[in-house]
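First, one chain by itself: the form predicted alone, in structure tokens.
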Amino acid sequence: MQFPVKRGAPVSQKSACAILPLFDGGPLQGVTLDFDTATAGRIAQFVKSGNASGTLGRTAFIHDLNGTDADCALLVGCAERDEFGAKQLRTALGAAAVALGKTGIGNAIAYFAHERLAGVDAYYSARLSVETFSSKLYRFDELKSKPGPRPKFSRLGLSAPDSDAARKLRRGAADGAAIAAGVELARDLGNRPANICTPAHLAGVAREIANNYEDFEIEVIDELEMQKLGMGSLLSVTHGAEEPAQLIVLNYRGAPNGAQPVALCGKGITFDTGGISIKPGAKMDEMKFDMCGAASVLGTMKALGELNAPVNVIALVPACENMPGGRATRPGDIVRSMSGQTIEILNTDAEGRLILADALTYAKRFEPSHIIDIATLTGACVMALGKVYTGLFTNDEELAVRLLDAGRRSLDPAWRLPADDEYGESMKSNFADFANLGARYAGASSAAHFLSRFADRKGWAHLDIAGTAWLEGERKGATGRPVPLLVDFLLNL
């Protein structure tokens, strides 16, 4: 999709459709008023007749705009002007994208940057526009024998009121397009079934990223090398699987030599049966999404490559399947992690923390400034936060603020939860250093505390995306979260 920036009088900008904001509780304003004046009051009469309103997200097409160079206009409800901010803008943009996607219209120009909105400058307006339209027009039909018709919409112009706004719009569109590309990759990977999206498939995608963009290096560590490194925790998860495990190490050097990298560790369980502690059959198909942490990390790396971002980032993806079998790890088995710490495995379905434990230990050899792990880790986090917020756990106050701010800016929000030492008390073991499972309550916090044992407390954070990585029901599919949060965080370091 293309996102050109347009200059000049709005009513003289040629397009198949002008996307115009319509606010509640007052007369027409701004560019919408300009179009109304040019059409001798046609828009005001259209609204007065009840064909359109300022109700947030309501859309209505109006044709025959004589006096303008637009073939038609899409009036988009934006609620009260004083209440209109980033969230409302995303809702309005999403409604516009859905409406346009149902038509044969191929291009449009959006005029939201002409509105002076609290907390939304031209850069942010463009970035949200690109991300939202890309998300709403996304389709995953690569495995259908007869894919449905794709939206014909392919170009969204962004109108700039002045040259300064034009510069900000171009930068916002570029950042938004890169983030959207990363989100799309993460969604594609998450939506692919486990018989296609295997550990080897994830490694292949990582190699494509390294080959397609500058400043990347890649290494894929196999099981034999993992054994030499002492990664008994990671290997314990894959014992019952036919598919070989992979530890993907994707290194991006966009900053000068000597700048400390950020390490991103993404859980890559490409299918999770629970192992010997097998899951119930209901909704087990959704366990193909258990690699969405890995998908979000690879999506973030693609976005950095698109942007030539001036940061250094190490992506580590421990990828494997968790399957039952004659060689599978049993409840009660004790394994030794790369860190030297021993773990009693009380439940083989608490496997994500086991593969991340060795990945976090391995990450420290790169001396990163920050280590952030991303995982569909616990159902307890879903119970606590639902599908709205990603769970954030960290004992680093500055890092917490940075990640929470990135979530707010990107509309990919996180909510901080505790991971204090007290949450580790229930993981005591009579036979090993500790167990991989704690008490029934506060499972998300005890899981986070488990991970903290393998990462230095300063500069480490854990993002539990079990609730936000995919949707259920009619909208079932991967969301691509938290790629927007991670890219925003890295761009603002």
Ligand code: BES
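Residue numbers run from 1 along the displayed sequence. What you see is a predicted model, and the numbers here were worked out from it, not measured in a lab.
One more form of this protein should be noted, the form predicted together with the ligand, which is absent from this view; the next part is about it.
Of the stretches 358 to 366, 373 to 381, 307 to 315, 394 to 402, only 373 to 381 has residues with a heavy atom within 4.5 Å of the ligand in the predicted bound form. Among the residues 463, 70, 466, 455, the one placing a heavy atom within 4.5 Å of the ligand in the predicted bound form is 466. Only one of the listed residues (87, 207, 139, 279) places a non-hydrogen atom within 4.5 angstroms of the ligand in the predicted bound form, and that residue is 279.
Although the partner is absent here, residue 272 is a contact residue: one of its heavy atoms lies within 4.5 angstroms of the ligand in the predicted bound form. Although the partner is absent from this view, residue 414 stays clear of the ligand in the predicted bound form, with no non-hydrogen atom inside 4.5 angstroms. For residue 419, no non-hydrogen atom is located within 4.5 Å of the ligand in the predicted bound form, even though that partner is not displayed.
Using a 4.5 angstroms threshold between heavy atoms, residue 353 counts as touching the ligand in the predicted bound form. If you take 267 to 299 and check each residue for a heavy atom within 4.5 Å of the ligand in the predicted bound form, you get 267, 272, 279, 287, 290, in sequence order.
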